[in-house]
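Read the single chain below, which is given as structure tokens and is the form predicted alone.
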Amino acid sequence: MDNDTLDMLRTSLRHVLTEANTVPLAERLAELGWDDVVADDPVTALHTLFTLKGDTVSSADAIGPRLAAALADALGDPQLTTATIGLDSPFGPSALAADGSLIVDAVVFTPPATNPVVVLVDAVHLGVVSGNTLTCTALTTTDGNLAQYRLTGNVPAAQVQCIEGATASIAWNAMVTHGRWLIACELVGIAQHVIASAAQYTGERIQYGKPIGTFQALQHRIASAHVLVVGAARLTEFAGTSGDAWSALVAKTVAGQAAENACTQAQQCYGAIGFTWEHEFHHYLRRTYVLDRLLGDWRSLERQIGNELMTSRQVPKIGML
């Protein structure tokens, strides 16, 4: 994708993400010929969409359809493209009961209606049920603008389709890899926006007769946060190109840390105004905390990385083709 086309794409996507519209994002993107754009250059298209989603803190559900598409592709089942993927619930895992029924407890971003719902039962089993067999309850989360729902229910065995074995495990892991990369893109978009806004503010706020951006302490805070964000952005770009699980794992980890650190340093620059509801900062802070915990928060993933390195006794190189 050339630079002129990419600029036009960014403009169109920013408009779609920020417009006041209740039509699902997938339908609005379809009007732009989104499927053709993704088919032509999937990495650039998705990286652009999710980075802009972080920059705009759009509340539209972009991750749900992408998780379903990734799982459907990995399983070779086009019917699951319209599925709703149930992620781990903080209230308890989904599980198969002794009688073969499926106890569902999962979190989604859009009510499934009659769409199929896919949940991870254990390492080698996926459960597929109809959305109308489950109870959907809206959740109150740190970020009230980003809708999340809890799906619960005990579905009889006769109404459960079970996907098991290595196929289920490989497909779910492929979906998680894809999802981690997309969330990393969104976290990078948040971090870049927060740092740019904080840097601009330090040039405008006057204290003791001079901009606070001239104070060395704030310069160091912004600079150190910026370095981490740049590193996260490069890792995320490579993870999209390589498509491997290790790169996505590391990118998600570093992006989560970078976004949280960017918010911490920006808060120090903003001072009291950063605590007000009128300022935009709290939207980015809240979104960071919610996104970071999807498919593994950066602290948990950091421990996972350490455990895998200790087990394998090898350090995979990232960014070396």
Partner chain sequence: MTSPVATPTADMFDSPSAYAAALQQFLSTDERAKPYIGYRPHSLEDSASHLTGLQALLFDSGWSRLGWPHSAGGLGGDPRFRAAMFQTLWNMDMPIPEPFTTLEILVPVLLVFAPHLSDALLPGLLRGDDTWAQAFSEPDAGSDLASLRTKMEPDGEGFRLTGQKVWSTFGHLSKRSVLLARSGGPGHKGLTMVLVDLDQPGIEVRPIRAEDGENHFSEIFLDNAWVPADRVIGTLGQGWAIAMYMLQWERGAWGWLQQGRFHQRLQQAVELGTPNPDFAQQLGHAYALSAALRLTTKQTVERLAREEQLGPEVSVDKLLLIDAELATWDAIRAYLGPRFEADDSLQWLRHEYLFSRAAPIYGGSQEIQRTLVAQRVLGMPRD
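The model shown is predicted, which means the values in this text are computed figures rather than measured ones. Positions refer to the first chain, counted from 1.
There is another form of the same protein, the form predicted together with the partner chain; it is not shown, and what comes next is about it.
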In this chain shown alone, the residue from 92, 211, 100, 243 with a heavy atom within 4.5 Å of the partner chain in the predicted complex is 211
So which of 156, 231, 144, 165 reaches within 4.5 angstroms of the partner chain in the predicted complex, heavy atom to heavy atom?
-> 231
Report yes if any heavy atom of residue 15 sits within 4.5 Å of a heavy atom of the partner chain in the predicted complex; otherwise report no.
-> no
Heavy atom to heavy atom, is residue 23 within 4.5 Å of the partner chain in the predicted complex?
-> no
Is residue 114 close enough to the partner chain in the predicted complex to count, meaning some heavy atom within 4.5 Å?
-> no
Exercise: residue 169 in contact with the partner chain in the predicted complex, heavy atom 4.5 Å | no
Has each of 202, 219 and 309 got a heavy atom lying within 4.5 angstroms of the partner chain in the predicted complex?
-> yes
So which of 81-89, 243-251, 120-128, 104-112 is the stretch with heavy atoms within 4.5 Å of the partner chain in the predicted complex?
-> 243-251
Which residues within 174-198 place at least one heavy atom within 4.5 Å of the partner chain in the predicted complex?
-> 195
